[in-house]
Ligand SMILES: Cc1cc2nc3c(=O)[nH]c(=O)nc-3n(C[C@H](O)[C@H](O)[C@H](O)COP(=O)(O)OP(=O)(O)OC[C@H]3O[C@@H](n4cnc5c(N)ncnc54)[C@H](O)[C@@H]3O)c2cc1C
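The chain that follows stands alone, in the form predicted on its own, written as structure tokens.
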């Protein structure tokens, strides 16, 4: 079966996460006819929602920062600003078997694992990192080397190294200083006022609400949304669905993880395949719990215990009123792993047993019977590993296959993966997609592609 599209400029967008959805909406509003293909039976990608017991909320934990200008602009566009709620939160650290608060300057100064000099150097590192604007000069430096130089060995080993391992595991010593700079810059922006307290936001109803309205806007703009349509192959101006159906378009944009692109698009040149398959991903095993009562009053508790089956505790009800969840407490327990790590194969039963044992050690008031619902999300490709000089090896947006483009989160060279950065990537890709539709293939050194990854 062949799907014939109407005459005129047409676009096929592969991938129904925020990246693909934003591209589809912007293109449609420019008068372009767009069809959006998503392999799952719903939109949202990593930002989708699911059922946990009696509640529906985000499958993975998300917050909105006051500095998330692209996301906030989209929420305004969707008419959701009035449903945005802000709340000050607290941060905890579980270090050496004890839970400490790190929510205020005074608590930081009293933090037992570090001496005064280490605390001052750690504070200076965060302040100095927030002031750096030229991230490129950090790309050739390992994060570990930069952090030891700035914060000192003790602060690095007690604070930074456990946090790096929490997010990157065995790859902790491979990322560039530009990666940790991006995290520092974004989180520093969350602290406002003289007290420097964290201020995070969320939309009532979570991302399920945002995705619901965004899908409505897509359909209103004339976007054809095709769910449950995995793609088998893509060639010049056409794509074949797993069902055998063929669809033809003037342009096609692929927004999937980079390593999947060559599997769908076998006509790519060897250098393109090398760039795309050379991207290394970190994945996540994220346990969601619905509990009878709260664990603590911290939104984030950073866990530095390497034997635990999670690297942090995110208690959503420290941000969102418990009444949203029927008076219950919603908790996320993430663990970031390399894409092929054996941790992805741990069964739910085994993981639950490990989680219960760890929570009993951390929280004396926790009891196994407190768990009302337990569910695990496993995603092998979440964030690209930003190794040394990462931006120099990024895949180009425009490919050698006529009419085929790649816009993937792995092209975020100067930021961390979050919804705001994803929307920003989509917005900044538009000029390249629209201005060079018929231009010949250029290498990643092309000015337009440099413009994309640099965020200029």
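These figures come from a predicted structure and were not determined experimentally. Residue numbers count along the first chain shown, from 1.
Keep in mind the form predicted together with the named molecule is missing from the figure; the text below concerns it.
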Does the trio 38, 62 and 186 actually contact the named molecule in the predicted bound form, every residue with a heavy atom within 4.5 Å? yes
Stretch in contact in the predicted bound form with the named molecule, which is absent here, among 259 to 267, 347 to 355, 104 to 112, 123 to 131 (heavy atoms within 4.5 Å): 259 to 267
Heavy atom of residue 19 within 4.5 Å of the named molecule in the predicted bound form: yes
Is there a heavy atom of residue 231 lying 4.5 Å or less from a heavy atom of the named molecule in the predicted bound form? yes
So, residue 249 and the named molecule: in the predicted bound form, are they within 4.5 Å at any heavy atom pair? no
Does the named molecule get within 4.5 angstroms of any non-hydrogen atom of residue 55 in the predicted bound form? no
Position in contact with the named molecule when the complex is considered in the predicted bound form, options 160, 94, 181, 336, heavy atoms within 4.5 Å: 336
The named molecule isn't shown here, but in the predicted bound form which of 273, 382, 371, 296 has a heavy atom within 4.5 Å of it? 382
Taking the named molecule in the predicted bound form, which residues along 396 to 410 bring a heavy atom to within 4.5 Å of it? 409
